[in-house]
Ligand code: G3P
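Before any questions on how it binds or moves, here is one chain, the form predicted alone, in structure tokens.
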């Protein structure tokens, strides 16, 4: 069984760069994404939040204190103000000047280069379906004709249900959490959230859960793994992809363990 993915080729196993090549470059920046492409990643995972003026931007943290050294929230800043933020020097001074990309910029850059996993953070999702954050993401994906090169994911069940309603042709992935699963079985979760893939941690992928995923033929992706030993262990289990900060290491392990992974 292969993932129902997505992009230019068929994959038996996906090497997914977590926030780009974030072990080597500041996360969720163009330098990190470009490095992931150079390292041969099959997919880049990135995070999306929304500015005060409702522009989707690529960043993991709602608050800028860790990455930009300022105690301000993304949702309280306009795109014009956010554009002044510098998110590279926290990682290394040689990356000083790195900016927070917009989702539009990243989609435009990724065309003909690489598949994207766009994770919409729960902080961006509203109880009001008219909030439209999901529609905005989908509109941009369609604008850049990336429907077959994108996977939409979230921890938030509201976002997942809206994605499937608005764009059933675009695959979606459920990010497992104990809170949202609420004791349901794997088949119940996959059916209720109407998703195509299941994303989880290595620790949460128990033997029972993995068996259930195999029984319903739902591809499973595991995050975030940087150890060679853990990579090999998971690949031998037959999972369909791994998120890693070190995509070069993961590609090396995957190519050795699964010589025919790329078809």
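The structure presented is a predicted model; accordingly, all values stated were derived computationally and were not measured. Positions refer to the first chain, counted from 1.
Below, we turn to the form predicted together with SN-glycerol-3-phosphate, even though it does not appear here.
- None of 121, 142, 99, 158 but one reaches within 4.5 angstroms of SN-glycerol-3-phosphate in the model of the complex through a heavy atom, and that residue is 121.
- A heavy atom within 4.5 Å of SN-glycerol-3-phosphate in the model of the complex is found for one listed residue only; from 25, 19, 240, 246, this is 19.
- Residue heavy atoms within 4.5 Å of SN-glycerol-3-phosphate in the model of the complex occur in exactly one stretch of 203-211, 190-198, 41-49, 232-240, and that stretch is 41-49.
- Residues 13, 115 and 251 are none of them found to lie within 4.5 Å of SN-glycerol-3-phosphate in the model of the complex, as judged by heavy atom distances.
- Contact annotation: residue 223 falls within 4.5 Å of SN-glycerol-3-phosphate in the model of the complex, judged by heavy atom distances.
- The shortest heavy atom separation between residue 167 and SN-glycerol-3-phosphate in the model of the complex exceeds 4.5 Å.
- A residue is said to contact a partner when one of its heavy atoms sits within 4.5 Å of a partner heavy atom; residue 175 meets this definition for SN-glycerol-3-phosphate in the model of the complex.
- For the stretch 58-89, the set of residues having any non-hydrogen atom within 4.5 angstroms of SN-glycerol-3-phosphate in the model of the complex comprises only 60.
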